[in-house]
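Here we start with a single chain on its own, the form predicted on its own, put down as structure tokens.
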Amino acid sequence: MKVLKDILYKTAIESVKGSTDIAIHKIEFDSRKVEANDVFVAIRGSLSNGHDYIEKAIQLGAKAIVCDTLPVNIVNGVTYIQVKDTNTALAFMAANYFGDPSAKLKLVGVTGTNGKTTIASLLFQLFQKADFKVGLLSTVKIVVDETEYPATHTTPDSLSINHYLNEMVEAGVTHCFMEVSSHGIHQKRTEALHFTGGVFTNLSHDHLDYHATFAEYRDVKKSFFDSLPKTAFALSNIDDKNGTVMLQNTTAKKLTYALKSYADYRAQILESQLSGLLLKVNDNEVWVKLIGTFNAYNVLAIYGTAVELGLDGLETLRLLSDLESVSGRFQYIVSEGGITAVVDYAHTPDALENVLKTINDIRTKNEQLITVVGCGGNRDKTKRPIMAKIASDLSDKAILTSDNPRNEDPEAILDEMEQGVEPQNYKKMLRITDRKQAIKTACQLAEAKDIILIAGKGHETYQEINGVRHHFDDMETVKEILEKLNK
């Protein structure tokens, strides 16, 4: 049990009705999970408003309510705390409840449109290989030392973040690497956390279903760096036109990385093959098992972060050469028949273009490049025709298919995608709504030495249709189909 007034430390309180000197069992923002003696925080979400469930929370035993607007009916014996913003209040309350765990380890946040998962995951791998106890909060999974948990969001809610960070502290973890999404920043999930460093990858077209404009999306990302303390470092990709913007107002130590510009951490690609990259990083050569220019940027971000966290530069390069690619990020297999299948999470125009250009740079052009791609439902619609245009422009064949249609009509999504295909590319485009059939068709069309790219879902092991998640794994599916075709 915790005392309410202690949990409310640093929370911007506007008014109080009742006593804050009461024992609280736990914090909840989901009214369905409220139990006796809990404090319920009423969050205004995109789908529901927690203020509508205050009465239900009290019926289930809530002893205190945190809200931005006091309810009309005040119940005797219940404490009401009115705050300016309940999302921010929840962040500080969660940190206080769990004993401010982020202050007890080195927490590094990675933000940007593409590369967050790869950078955070490979930093986790690298520090593990350097014999540190490490934590990871990512899109793919959450890891506390050697214990894995499934991930449901890129950036979990404030309660979950602090719960896992507290577990890490108790397990003796010294470093944690965390993906920081624009949603997470905007919804104040990263408030009250003590970051040792922040990394900016790049910024391109994404999440405009959530953010009204690209400028808003950019400024939300920038606010993360604005909030970093003087004791932290801010490492930014200045080859991206928004890289310097991220550093404009931060009080943290400003650091840069780049392939094309002068920077604190810089690299040159000496060789690029399907088996990896030979890089010259700050005057030292290193071979890594990662593929493509976009991964050269990721390597630089990882190298710079490791050095800023105190690792020796040459030792970091040695560890980098031993790292394995992340699940669903340019993950590839070669079938018995000599067909290469690549599965990648590329679900934004920029990411898809990067992956296709990487493949085109490596291949000899004597083989076909067949791309299978879709776009998610109930998400940014403006990128759909752009994705189809890129796929059809940069591939020998492009198969438009379903991604996670969610609650949208898959055919309507494909209609919108198809609008981006140029007339000269119609002949090399196919439209197959069923994703498994689309992958099967790509495999049937492919011959020895051809390359199939299956883009959009990467590590995901499900397909969401009308609110139901059905098991679906791109890599598992393409392996199974290619094995059957080889028999």
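The model shown is predicted, which means the values in this text are computed figures rather than measured ones. A residue's number is simply how far along the shown sequence it sits, counting from 1.
Another form exists, predicted in complex with a small molecule; not displayed. Remarks below refer to it.
Although the partner is absent here, residue 305 is not a contact residue: none of its heavy atoms lies within 4.5 angstroms of the small molecule in the model of the complex.
The small molecule is not shown here, but in the model of the complex it comes within 4.5 Å of a heavy atom of residue 355. Under a 4.5 angstroms non-hydrogen atom cutoff, the small molecule in the model of the complex lacks residue 224 among its neighbouring residues.
For the chain shown alone, residue 178 is not a contact residue for the small molecule in the model of the complex, no non-hydrogen atom being within 4.5 angstroms. The stretch from 306-314, 338-346, 410-418, 364-372 that comes within 4.5 Å of the small molecule in the model of the complex, counting heavy atoms only, is 338-346. Exactly one listed residue, out of 115, 243, 101, 135, brings a non-hydrogen atom to within 4.5 Å of the small molecule in the model of the complex: 115. Exactly one listed residue, out of 238, 351, 359, 193, brings a non-hydrogen atom to within 4.5 Å of the small molecule in the model of the complex: 351.
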